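Just one chain is shown here, as structure tokens, and it is the form predicted on its own.
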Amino acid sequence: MANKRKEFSKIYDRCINKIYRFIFLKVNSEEIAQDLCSETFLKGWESYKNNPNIENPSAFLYRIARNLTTDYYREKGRTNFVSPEIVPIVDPKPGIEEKVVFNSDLDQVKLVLADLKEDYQNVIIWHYLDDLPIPKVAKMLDKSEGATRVTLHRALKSIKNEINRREVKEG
């Protein structure tokens, strides 16, 4: 049992930041993201100690996290998977002008993400933010690599169209 704990501890260390960020981008609340992240790893541990030969532990944890966020919104009766509320990101390194531009761009991306289908959100987060290769993303989505590339392309096209629509509306 001690050996399993040690192995799962390594998985935890490798995945905690990515799983937390994934959940946070979906719920946009530190407290809720922490709770769901803890629950993700608790469920992951329960499964791992009974079956330590899970083929891809990080994909398994992402699947748990995705299911928990879906359940969270289902229980709350919400439909958006990314909240349009913006949590300011404070970075002490850049100057005030860089912060304003960065936060403005981040605000726009979060708002656009909120309007995307769940698969589009997931493929964007996993591929671009978590830097996962297409084959891993495909396994996590239970799709072929080709279908995943198509989903990614459509997600990017949706983002571009939504940003353009918002610019025209504001301009």
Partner chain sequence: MKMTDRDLIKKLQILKDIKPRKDWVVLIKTQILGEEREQFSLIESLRLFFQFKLAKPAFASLIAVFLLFGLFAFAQNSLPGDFLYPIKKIAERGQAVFVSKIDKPQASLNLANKRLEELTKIAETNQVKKLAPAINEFQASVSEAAKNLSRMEATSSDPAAIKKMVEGTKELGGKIQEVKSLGVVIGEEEFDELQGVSDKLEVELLISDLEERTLWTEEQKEILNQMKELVEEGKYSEALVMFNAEFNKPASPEPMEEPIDESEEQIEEPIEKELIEEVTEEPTE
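Fair warning: this is a prediction, and the values are worked out from it, not measured in the lab. Residue numbers count along the first chain shown, from 1. Definition used throughout: the rigid core is the maximal C-alpha set that superposes within 1.5 Å between two forms.
The same protein also has a form predicted in complex with the partner chain, omitted here; what follows describes it.
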{"property": "Distance check, Glu145 to the partner chain in the predicted complex, heavy atom within 4.5 Å", "result": "no"}
{"property": "Heavy atom of Lys117 within 4.5 Å of the partner chain in the predicted complex", "result": "no"}
{"property": "Close approach of Lys110 to the partner chain in the predicted complex, 4.5 Å, heavy atom", "result": "yes"}
{"property": "Contact test in the predicted complex: Lys6 vs the partner chain, heavy atoms, 4.5 Å", "result": "yes"}
{"property": "Stretch 20-56: residues contacting the partner chain in the predicted complex, 4.5 Å heavy atom cut-off", "result": "Tyr20, Arg21, Phe24, Leu25, Glu30, Gln34, Cys37, Ser38, Phe41, Leu42, Trp45, Lys49"}
{"property": "After fitting the core, Ile32 CA displacement of 2 Å or more between the shown form and the other one", "result": "no"}
{"property": "Ile163: Cα shift of 2 Å or greater between the shown form and the other one (core-aligned)", "result": "yes"}
{"property": "Shift of Leu116 between the shown form and the other one at or above 2 Å (CA, core fit)", "result": "yes"}
